[in-house]
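This document opens with one chain alone, in structure tokens, the form predicted alone.
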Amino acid sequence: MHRYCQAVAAATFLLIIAGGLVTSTGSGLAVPDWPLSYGQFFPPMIGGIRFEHTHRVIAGTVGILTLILSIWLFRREQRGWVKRLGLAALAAVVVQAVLGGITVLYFLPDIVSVTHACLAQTFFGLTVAIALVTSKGWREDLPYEFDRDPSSLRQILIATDVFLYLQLILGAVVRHTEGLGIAFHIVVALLVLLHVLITLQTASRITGEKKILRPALSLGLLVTIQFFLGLGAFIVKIVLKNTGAVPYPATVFFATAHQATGALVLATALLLTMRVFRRLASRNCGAPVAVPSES
């Protein structure tokens, strides 16, 4: 089950990249009908059609994979809250499909396009969370004694997650409204960068646990990459937009890579938060701590 959940999360990330390419290439209305494409299951893959139809095919595949996942969890999983995560993922993918159809049939209304973008990354986060909680490591996590009081790390992570999701919303607004709210997006980006740096410093100060330090370091690396991708996207899409000095592939690359890396940042922050809360819950429950046997 865990391997399958990982595959669903990977397929969802591929779907986010495909959706990003649709927006970056301006192919959102390349196919005027829905759910078929020009009344066909497989239309001629030319121009923007290849981006939009590929996105639909991947989305349909992810939908089927999610349906199988939710049924599997319902039949085999003993934890009720994990079953509910599976149902939430299924509900999210159904709503996402409906929003995708509305964006086409009603010619890309901004509010629907922004909601569609935000829900996509929310769904990705759900698949990552399900993959984590079905892993052997999650079930076998033992209480961990932090070197110092971990409450500060918990509070910082919550604040970081809130800023990241706000940044996701602002990024979707900027992307689907040709730059509206770009100033707020930049300000929150700096707040996210600051909070991630504080998270890294706090995590390294209170623990040497690899399951916490590794995702913390990964989060720092991803946010650094995201910062430079965002800078590149700002330059090619805002500063040099009408100069003709930027090749078209560069514009598509920066916009799509910025969106996809944002999804990884959000998922990594969620994974780190869940691991910290898991360790604290295990410790508070008083589960037995493993003691190495003497040779």
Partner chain sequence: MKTMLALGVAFALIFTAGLPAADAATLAGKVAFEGTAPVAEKMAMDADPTCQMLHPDGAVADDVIVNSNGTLKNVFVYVKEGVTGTFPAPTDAVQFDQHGCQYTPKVFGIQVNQPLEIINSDNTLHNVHALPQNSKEFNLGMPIQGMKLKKTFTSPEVMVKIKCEVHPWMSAYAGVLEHPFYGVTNEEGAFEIKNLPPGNYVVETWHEKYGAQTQNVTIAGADEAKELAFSYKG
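All values reported here derive from a predicted model rather than from experimental measurement. Residue numbers count along the first chain shown, from 1.
Note that the form predicted in complex with the partner chain isn't included here; everything after this is about it.
This chain is drawn without the partner chain; in the predicted complex, the residue among Ala250, Leu240, Leu29, Leu231 with a heavy atom within 4.5 Å of it is Leu29. The partner is absent here; in the predicted complex, the one residue of Val57, Ile49, Leu67, Leu36 having a heavy atom within 4.5 Å of the partner chain is Ile49.
Note on the interface: of 57 to 65, 39 to 47, 254 to 262, 223 to 231, the segment with non-hydrogen atoms within 4.5 angstroms of the partner chain in the predicted complex is 39 to 47.
The shortest heavy atom separation between Trp81 and the partner chain in the predicted complex exceeds 4.5 Å. In the predicted complex, just one residue of 82 to 109 lies within 4.5 Å of the partner chain by at least one heavy atom: Phe107.
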